[in-house]
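As a starting point, one isolated chain is supplied in structure tokens, in the form predicted alone.
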Amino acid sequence: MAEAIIALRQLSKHYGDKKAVDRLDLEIARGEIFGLLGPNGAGKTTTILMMLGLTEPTAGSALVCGSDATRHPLEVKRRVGYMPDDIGFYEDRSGLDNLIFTARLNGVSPRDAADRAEALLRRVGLEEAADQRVGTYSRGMRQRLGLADVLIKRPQVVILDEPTLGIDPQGVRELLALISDLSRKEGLTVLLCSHHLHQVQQICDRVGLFVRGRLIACGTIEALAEQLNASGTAQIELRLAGWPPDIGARLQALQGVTAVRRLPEESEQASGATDAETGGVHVEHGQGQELRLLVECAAPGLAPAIAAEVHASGTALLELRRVAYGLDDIYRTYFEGEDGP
């Protein structure tokens, strides 16, 4: 791993008997985009507050950009930019004025403040709205302005709390591309807190799964998926030549199979059709029509038994393949077990 710009050591925060953060150990490398995932109340915000020196830990330490956040909070704040999920601006002032004001608060000279603000507004796609009052901005425009506001002091680390909340799909794609571009081209370290798994999977180098104040899993999506594979869990996709009426029930009866779902064909996906359980549900289909199934397994090595069951049903097996785990599968598996597999 490259040089750690964030190093949390046995970081803990207790409120009476409640352990908001419990002995957290985490390193984030310089230039990395790290995704912190977890349900509300998991301790993510408390962790951020300790990293910024806004609340003192009960035990442990948070080193950010080489400074102890508890002992030297001002030094940390100079080097870290933080964008909460609902950033505040002066509504009756323009986007340009808001950025210049933030720059001046951070000790930037008047000329440099104006130059930086104009450059950042171009960078985030708000050049044409620079002189508009922020009160007229859409949610997506406000998030773009928030990112510019975070960057105005040229931080080494950027912490973003639900940055895409309330933005339309096109705006989400553009904002994520901008965050990724900033990290890759300027070496910014980004800590991204989000509930949107697909978005995190798109841009994050590594992810951490946080629950009840503890980091229960951490790594690349590929590494976490391998851990699930090693535990014996698997998803197997089947493509059959026909529609045996009892195939769902037959596969579900195999020891180690936890669920069987029908996958829609492309024509059904285009028309908005949804997946249907095959076991116990009677569906009329034309002869010769193919069937796609997803079989979820909690035991290793079930592919031969699944193939044999399909053969015994009297239909041809056209394809059998193991499906790679995505972040949503990893998230669901870890959080359903809470302590990991």
Partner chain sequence: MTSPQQDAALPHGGGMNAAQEETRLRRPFWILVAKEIGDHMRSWRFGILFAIIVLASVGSVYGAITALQGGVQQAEFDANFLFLQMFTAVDSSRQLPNFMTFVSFLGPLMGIALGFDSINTERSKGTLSRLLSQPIYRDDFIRAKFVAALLLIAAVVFSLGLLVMGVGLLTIGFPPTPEQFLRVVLFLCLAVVYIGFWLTLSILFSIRCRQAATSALSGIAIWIFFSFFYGMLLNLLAGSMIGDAGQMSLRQQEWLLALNRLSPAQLFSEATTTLLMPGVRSLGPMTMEQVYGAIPAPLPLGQSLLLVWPQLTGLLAATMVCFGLSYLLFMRQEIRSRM
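Remember, predicted model here, so these are calculated numbers, not experimental data. Residue numbers count along the first chain shown, from 1.
The same protein also has a form predicted together with the partner chain, omitted here; what follows describes it.
Quiz item: Which residue among Ala253, Leu105, Leu263, Ala223 has a heavy atom within 4.5 angstroms of the partner chain in the model of the complex?
Solution: Result of the distance check: Leu105.
Quiz prompt | Residue among Arg123, Arg116, Arg142, Arg212 with a heavy atom within 4.5 Å of the partner chain in the model of the complex | solution = Filtering the options by heavy-atom distance leaves Arg142.
Quiz item: Does Glu91 make contact with the partner chain in the model of the complex, using a 4.5 Å heavy atom cut-off?
Solution: Contact check for Glu91: yes, within 4.5 Å of the partner chain in the model of the complex.
Practice problem: Classify Tyr137 as contacting or not contacting the partner chain in the model of the complex by the rule of any non-hydrogen atom within 4.5 angstroms, answering yes or no. | Solution: It does not: once the partner chain is placed as it appears in the model of the complex, Tyr137 has no heavy atom within 4.5 Å of it.
Quiz item: For Lys153, is any heavy atom within 4.5 Å of the partner chain in the model of the complex, or not?
Solution: Heavy-atom contact with the partner chain at 4.5 Å: present for Lys153.
Quiz item: Does any heavy atom of Ser194 come within 4.5 Å of a heavy atom of the partner chain in the model of the complex?
Solution: Output for Ser194 is no: heavy atoms all beyond 4.5 Å of the partner chain.
Self-check item: Stretch in contact in the model of the complex with the partner chain, which is absent here, among 309-317, 29-37, 48-56, 290-298 (heavy atoms within 4.5 Å)
Solution: Residues of 48-56 come within 4.5 Å of the partner.
Quiz prompt | Heavy atom contacts to the partner chain in the model of the complex at 4.5 Å, residues of 12-31 in sequence order | solution = Residues within 4.5 Å: Lys13, Tyr15.
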